[in-house]
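First, one chain by itself in structure tokens, the form predicted on its own.
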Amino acid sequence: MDRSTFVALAKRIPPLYWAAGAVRYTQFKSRLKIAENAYRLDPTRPLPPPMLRYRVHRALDEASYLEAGAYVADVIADNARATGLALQGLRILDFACGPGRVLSQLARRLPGNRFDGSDIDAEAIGWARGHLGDVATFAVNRPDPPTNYADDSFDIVYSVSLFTHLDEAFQFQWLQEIERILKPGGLLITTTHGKRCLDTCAPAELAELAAKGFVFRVDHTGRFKVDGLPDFYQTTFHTEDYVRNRWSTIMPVERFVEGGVNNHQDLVVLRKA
């Protein structure tokens, strides 16, 4: 039995689902404690603490956190260049930046630009302000729009692994908000779960995706949601046709790269008219 089938079955049997969540929670807490103890041995290291890394990376080790940040920064820079936009003198926003995993790397690759970072995670933003304040200006945003940014503020907004976790209504609220704060001709670079991310989907989810082009999966909530993020932050899947047809009602889809991020998530570039 694969994981997705087990999860679907467990959800229909509340005691089994609770037990599975309890086991997962206990195992995670044990790994987290080990990582936190190691982190305390060198508190001067220029990396966020383990839980902040886990919220954006789903892993506790430091090496993969740094490697993934550098890799995604390269992907964002390369796809911005591919649009023909001159990458100098721009204002760039990392939306859902966490503690600045990608932003800190991207600022090195695109010097001569002004960077901002925004996230609902006040703890992550506090760490970023204290350690990356010379790189970017950081702000806490509310879980729902609007942000405090003015209309037409940014040349580029990028958001990695955000629309992969929002339900349909919520994602359109944020697409509209990002369109508002982008300058005319500005870019949104983001990611979705598409064809190469369906190995965890149950048959019913695949059927819904084929019919609607969109699936929102609710897994653990409450105490057993170990990432420390709000319950509305779950797992979302899109087809390319859905993205091109539905998202283009907000902004034209200029570029879609299947598996464009680590041969896993799809990469989408939209440009404000």
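Throughout, we count residues from 1 along the sequence that is shown. Quick caveat, the model's predicted, so the values are computed rather than measured.
This protein has a second form, the form predicted together with a small molecule, left out of what is shown; the following refers to that one.
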Check your understanding: Hey, with the small molecule in the predicted bound form, do 101, 143 and 174 all fall inside the 4.5 Å heavy atom range?
Key -> yes
Check your understanding: Pick from 104-112, 126-134, 175-183, 89-97: which stretch has non-hydrogen atoms within 4.5 Å of the small molecule in the predicted bound form?
Key -> 89-97
Practice item. Decide whether residue 229 counts as a contact residue for the small molecule in the predicted bound form under a heavy atom distance cut-off of 4.5 Å. Key: yes
Review point. Might residue 161 be said to contact the small molecule in the predicted bound form, defining contact as any heavy atom within 4.5 Å?
Key: yes
Check your understanding: So in the predicted bound form, does any heavy atom of residue 55 sit within 4.5 Å of the small molecule?
Key -> yes
**Study point:** Touches the small molecule in the predicted bound form: residue 120 (any heavy atom, 4.5 Å)
**Key:** yes
Review point. Of these, 216, 242, 39, 233, which has a heavy atom no more than 4.5 Å from the small molecule in the predicted bound form?
Key: 233
